[in-house]
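Before any questions on binding or motion, here is one chain by itself as structure tokens, the form predicted alone.
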């Protein structure tokens, strides 16, 4: 995978896509399929900003039923992408959820036709063999785990969920657009007579339209063209742990139960099964300019992840192996919130927890460019992904 820096100071195409994470690359993919010529702008290594890491969770379960319906459509596109890449991009392990939100989410999933299995303690241990058994109090479990509590914890398996092979997806998409990727930071963009002008340190790009999906940089670039994108910045950490037995089933996990002393835990297995990336729901606040006052808070979150593994997951080595730091770009109405803004030929997208929906989001952004209209479900006032 390579990134080319434009030789000429003039870059011309139908659409500029600013940001080469999974959302930008998906948008470029769908734009190209619709016949648009595309230029991708990315100052770093494609897919190593908010899309960094070896794996992510694909899950259908959300509090907003609209996101469940979108996930169903996205899952089918992930199957199509897998066929094009020639390798499964989502593992066949499924996605396990634990905690009080399970019954309501299970009902929503079944209403949307998603295959869900209720898990009693025995079935849970069969599906998730790395989990501590109720009568096992070793490795620090006695201090944090009341074995009997597991029998009162709701659990379900999202059958068609699983771990996303993020690197294969990113590499496939980035390679497709390597020859039209400008490896420089976008300094500014503005409306021009024929569309949009994009300025980098050494290039001036002239395009018919532009899509801004630059993660933490989206709000600033959008503000320059009169769009107010209310992104709330933070930083997050995921820690990976070695898997003791790589031959066992390894579904993704979302644990909101508190049984093991923590809530809002999530995890996904590496494509080669050697590691399990796990994070806590918390994040460290950042200022609008990206400054972080509490950098040490990221170390605290990493430490909490290791404590959880020691208490709950004896199938993992609790010694941290790899770490991924990434920005959190949430919208005011919820952690899963997302929306599209538009000013003439310039479209901006923002949200959080987006990887699983990426194929569908990319298609929606391409459709927005083509039609000149933001779909009603993605308009900010629709509050897509709202927790209430």
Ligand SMILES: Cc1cc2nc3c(=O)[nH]c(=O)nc-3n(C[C@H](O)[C@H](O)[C@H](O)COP(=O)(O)OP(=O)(O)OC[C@H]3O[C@@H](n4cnc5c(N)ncnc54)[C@H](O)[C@@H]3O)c2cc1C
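Note that the structure is predicted; figures quoted are calculated from it, not measured. Residue numbers count along the first chain shown, from 1.
Keep in mind the form predicted together with the named molecule is missing from the figure; the text below concerns it.
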The named molecule isn't shown here, but in the model of the complex which of 341, 36, 355, 333 has a heavy atom within 4.5 Å of it? 355
Which residue among 266, 270, 177, 241 has a heavy atom within 4.5 angstroms of the named molecule in the model of the complex? 266
Even though the partner isn't displayed, in the model of the complex is residue 133 close enough to the named molecule, meaning a heavy atom within 4.5 Å? no
Residue-level contact is defined here as any heavy atom of the residue lying within 4.5 Å of the named molecule in the model of the complex; does residue 51 satisfy this criterion? yes
Contact flag, residue 300 vs the named molecule in the model of the complex, heavy atom cut 4.5 Å: no
Proximity of residue 56 to the named molecule in the model of the complex, heavy atoms at 4.5 Å: yes
Pull the contact list for 208-236: residues with a heavy atom within 4.5 Å of the named molecule in the model of the complex, in sequence order. 213, 214, 215, 217, 221, 236
